[in-house]
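The chain below stands alone and is given in structure tokens; this is the form predicted alone.
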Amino acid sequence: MSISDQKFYDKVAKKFGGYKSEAIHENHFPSGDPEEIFLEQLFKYSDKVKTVLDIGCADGRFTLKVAEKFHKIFAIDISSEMLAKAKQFQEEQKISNVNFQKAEAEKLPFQDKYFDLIYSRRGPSPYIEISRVIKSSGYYLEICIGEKDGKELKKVFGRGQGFGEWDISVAKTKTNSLEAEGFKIVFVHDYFYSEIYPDMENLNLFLQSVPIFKDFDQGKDKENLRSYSEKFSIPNGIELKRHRIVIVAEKL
């Protein structure tokens, strides 16, 4: 990740006290909640003797949530502010088997074949490095952003994360890359769902906290936000269509 990424997540951590938006919204999951499915898959391969790597842990809430399922978790991130919150939460919860540290995903500070399991929850996915530090028969799990995530929103704004790459399958691209690094795909599935925001103010608040537009500006983007809100208004609020992918792979 770049310096701009680091600055963005530092800013979010300072403003929201971690990586968690205060925006009110409802979810509609036609084929299941991808976050819950990712968690189920993670627990399926969990074991209290396993040493695990969390790539892109942000404020560590999720890391601490699953810590009891494993022997040891090393959790990395590039944001000092996010890691400060993670260590604060760790101290409050008195969890001792997690090691939070600042590190770049593309240059993992770990020896070869060190981890039994690695996961990335909407974080970086440097497959060459992941392949290097995972043991044979180890599992890699990922939940990532699909190519159609927020497509209509990005079209109205004329920019955004993955802008214009609507027809390039993220699932196919990622599984091909994993296979090239010696992984066997165990599970892969696309999930399409909707978030419903009650009003423009809550959608505004949400967009300040996520990297859909890292340069989101409440003033400059006011008309874009208004235009989107009017165009995608439904009876119970403003609809934002999301796309997630869950992948499980085994290192051969």
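Quick caveat, the model's predicted, so the values are computed rather than measured. Note that residue numbering begins at 1 and tracks the sequence as displayed.
The form predicted together with a small molecule is left out here; the points below concern that form.
Exercise: residue 123 in contact with the small molecule in the predicted bound form, heavy atom 4.5 Å: Flag for residue 123 set to yes.
Residue 57: touches the small molecule in the predicted bound form, heavy atom cutoff 4.5 angstroms: Judged by the heavy-atom cut-off of 4.5 Å, residue 57 is in contact with the small molecule in the predicted bound form.
Heavy atom of residue 181 within 4.5 Å of the small molecule in the predicted bound form: Taking the distances in the predicted bound form, the answer for residue 181 is no, it never comes within 4.5 Å of the small molecule.
Contact flag, residue 76 vs the small molecule in the predicted bound form, heavy atom cut 4.5 Å: Residue 76: yes, in contact with the small molecule in the predicted bound form.
Partner-proximal stretch of 77-85, 131-139, 150-158, 170-178 relative to the small molecule in the predicted bound form, 4.5 angstroms, heavy atom: Among the candidates, contact is made by 77-85.
Candidate from 92, 106, 165, 112 lying within 4.5 Å of the small molecule in the predicted bound form - any heavy atom: Result of the distance check: 106.
Contacting member of 70, 62, 216, 191, with respect to the small molecule in the predicted bound form [4.5 Å, heavy atom]: Answer to the contact question: 62.
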